[in-house]
Each structure stands twice: as C-alpha cells, then as structure tokens.
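Presented below, as structure tokens, is a lone chain in the form predicted on its own.
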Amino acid sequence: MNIDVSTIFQIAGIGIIVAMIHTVLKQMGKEDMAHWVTVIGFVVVLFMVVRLLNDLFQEIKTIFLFQ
C-alpha cells in the first residue's frame, strides 16, 4: 500500500478550490452552477477515496490470505 501525504494534499486542494468556486458563483447569483461544482468536486474526491480503499482491501487480502 503506497499512500503518501501528496494524496491527502490533493484531496484537501480539491476541497479548497471547490469551496472558493462555490463561494464566487454563489456571490454572482449562480447558485445552480455552484451546487453542480460542489457535486462534481465531491464525485472526484469520492473516486479518489474509492481507489485508496481498493488498495487498502487488496493489501489486507494479501496479508491475511497469504497471496
């Protein structure tokens, strides 16, 4: 399992950028677009976390099943 700090910083960076874009769009009165940006950012981070969880479960599988 090769998780490093850069993945955590990528997720945090995506969150900060999405929050800034959401705030700017909401200030401009485009709340629908702001919500879509938030949803898309959430989906991107969700895929990153799912990939990390897959790596974790593969590592657990190799440890306990001796493969």
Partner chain sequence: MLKLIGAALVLFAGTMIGFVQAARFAERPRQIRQLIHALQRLETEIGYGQTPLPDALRRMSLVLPPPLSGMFADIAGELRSERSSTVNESWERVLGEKWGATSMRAGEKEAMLRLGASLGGSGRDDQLKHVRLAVLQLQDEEAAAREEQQRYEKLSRSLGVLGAALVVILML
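Since we're looking at a predicted model, the values are computed, not measured. Positions refer to the first chain, counted from 1.
The form predicted together with the partner chain exists for this protein as well; it is not shown, and the discussion that follows is about that form.
K.L.:
Mark H35 yes when one of its heavy atoms lies within 4.5 Å of a heavy atom of the partner chain in the predicted complex, and no otherwise.
P.N.:
Because no heavy atom of H35 falls inside 4.5 Å of the partner chain in the predicted complex, the answer is no.
K.L.:
My question is simply whether V24 lines the interface with the partner chain in the predicted complex - judged by any non-hydrogen atom within 4.5 Å.
P.N.:
It does: once the partner chain is placed as it appears in the predicted complex, V24 has a heavy atom within 4.5 Å of it.
K.L.:
Taking the shortest heavy atom distance, is M28 within 4.5 Å of the partner chain in the predicted complex?
P.N.:
M28: yes, in contact with the partner chain in the predicted complex.
K.L.:
Is there a heavy atom of N54 no more than 4.5 Å from a heavy atom of the partner chain in the predicted complex?
P.N.:
Result no; N54 lies far from the partner chain in the predicted complex.
K.L.:
Go through 10 to 44 residue by residue and record those having a heavy atom within 4.5 Å of the partner chain in the predicted complex; state none if no residue qualifies.
P.N.:
Heavy-atom contacts within 4.5 Å come from Q10, G13, I14, I17, V18, M20, I21, V24, L25, M28, G29, K30, V44.
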